[in-house]
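So here's one chain in two forms, each on its own in structure tokens, numbered structure 1 and structure 2.
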Structure 1
Amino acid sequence: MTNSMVMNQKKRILSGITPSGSSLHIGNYFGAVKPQIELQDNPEYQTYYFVADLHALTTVQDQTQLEENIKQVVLDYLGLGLDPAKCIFFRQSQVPAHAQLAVILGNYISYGQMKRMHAFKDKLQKGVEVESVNMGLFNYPILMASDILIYKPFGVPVGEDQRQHVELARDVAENFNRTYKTELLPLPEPLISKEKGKIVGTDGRRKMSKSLGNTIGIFEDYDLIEKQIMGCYTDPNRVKATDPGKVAGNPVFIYHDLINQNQAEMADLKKRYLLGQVGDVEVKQKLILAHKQFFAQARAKRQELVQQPDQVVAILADGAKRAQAVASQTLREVMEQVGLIN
């Protein structure tokens, strides 16, 4: 049996990656990026990962900034373990069939449904005048439906906040199939991530978020990461290191559970903390060391790729070529179905 035959028997999984410009933190990694990347190791799946650079144009309209955002997110994911030998990794804009199919699919969804989409409604709720909303944002869900349907995937891993977009893709596919009495576009399943996506920030109160300034970075300079960890909220009722402390719900120990691979050390720290035999400073210093060990390989890999930009370009070009082979086939089938190809 050939490699291509084996790949064709696997369920396709599609993940979009937004080049937002925000550097990844451990909340991003453990809440979304790590489970997203791990899908490539599941033998049941053929995984597609794309950088949604066309979508980024709705908010980033500066050439230099957009190029930098794309570069950083590509380096981050490759550094953290996305393996082009196990998956198909590409830039959305390098597969023209995405945009071509979106033009066609826009005819199978109503204006009323589009007005109910979160991205559009959120803009209006923030006081933006409806006349000033750009059509890229308004049509965002149609392009996303195209991103999804063009690969006929089994599922799309998303957070609860993105469920609506997958459901719209299903509506578009259902409308298209019903119109032409076909089953050409399979209905994708939204694969909703669990509550692990909500990792508490260093303030101990809110979800870890760059905008809230309560994060612990991954690829930043270690002076900054150490400062972030040493400033982390712990047990407010613990005045002295000799006071018994609370481990459950304590952010420092939540992070230890995620990062520290030395189980014996972790058990010892928790025991001593509960008994008032270890201070916050030592617990945080151990977390700094655990962070360095956990992300050492990723940081080294990313730095290596920074020095090899041609290799990164080649990875994306190869991914786009492989993705286009699938996408162009779906586009042709759709065009034949609607009567655009004789």
Structure 2
Amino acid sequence: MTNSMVMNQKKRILSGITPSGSSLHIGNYFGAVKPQIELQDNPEYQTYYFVADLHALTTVQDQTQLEENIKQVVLDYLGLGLDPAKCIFFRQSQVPAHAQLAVILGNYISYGQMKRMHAFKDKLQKGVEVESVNMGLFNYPILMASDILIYKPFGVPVGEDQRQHVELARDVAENFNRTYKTELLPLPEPLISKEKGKIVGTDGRRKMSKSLGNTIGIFEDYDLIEKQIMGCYTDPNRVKATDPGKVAGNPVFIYHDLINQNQAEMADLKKRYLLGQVGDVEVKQKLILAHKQFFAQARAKRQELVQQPDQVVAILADGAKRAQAVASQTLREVMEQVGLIN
């Protein structure tokens, strides 16, 4: 059996990240990137991961900024452990079949369904006039459905905030299949962690998100990361370090549980916190140290890659070529099915 035959038998996994900000945060990492890396290491799957640069145009409309964001997110993703020897890693815009399929798929979803999508509704809630919402943002879920369906993946590992998008992709596929009495587009499964699919932000209330300014970074200077951690919300009812505190649901301890690999230290901190025998400052300082340890390898790897821009370009070019081979095959099948090839 040839290698490609073995590869073809593997179930596919697909996911992506939008370079809308310049760098990834720990919510991205624990909610999405870490599970993606675990799947890349599982020989049952063939994994496709990409930087959704076309999607970023909905909010980033400055050439220099977009180029910079893409570069940073590519480095972050590789630094965190995407391994081009194991997964297919590429930029969305370098695989034109995504955009081509999106034009076709828009015909299998209604305006009513699109209007109910969160990203669009959130914009309106923020007071943006419906008339001024750009069509890239409105159509975003169709392009995302195309990103997914074009690889006929078994699963899509993402955070909870992307569930609705994966469900829309399923609706598009179902409608397409029903229309043509075919099973050409398999329905993808959202792969979302129950515990880590929605990491809370440092405000202790909302999902960690760049646009809300409640993140803890991964690759930023430690001056900034320290500020982010020291400014983190804890137990609002605890006034003095000698007041007994709450551990459950306390963001600082949620982050400790994710990052701190020293179990004994964590157990001790939690015990003392509950009894009012430790101050927030000490808990946060220990979190900073744990962060430094946890991400040291990723930061070193990323730093190495910064010195090898040609290698990064080559990784993306190779990934795009391999992704395009699969994507153009699906595109062709869809075009044939709808009657565009004769």
Ligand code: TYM
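What you see is a predicted model; the values in this text were computed from it and never measured. Superpose the two forms; the largest set of C-alphas matching within 1.5 Å is the rigid core. Quick note, the numbers are simply positions in structure 1, starting from 1.
Between the two renderings of this chain, the form predicted in complex with ligand TYM is found in structure 2; structure 1 comes from elsewhere. The rigid-core alignment places the CA of D171 less than 2 Å apart between structure 1 and structure 2. Positional change of D62 between structure 1 and structure 2 stays under 2 Å at the C-alpha, relative to the superposed core.
Taking 2 Å as the criterion, P186 does not count as shifted between structure 1 and structure 2: its C-alpha moves by less than this amount when the rigid core is aligned. In the rigid-core superposition between structure 1 and structure 2, residue position G279 carries a C-alpha shift of 9.0 Å. Core fit done between structure 1 and structure 2; CA of F295 shifted by 3.1 Å.
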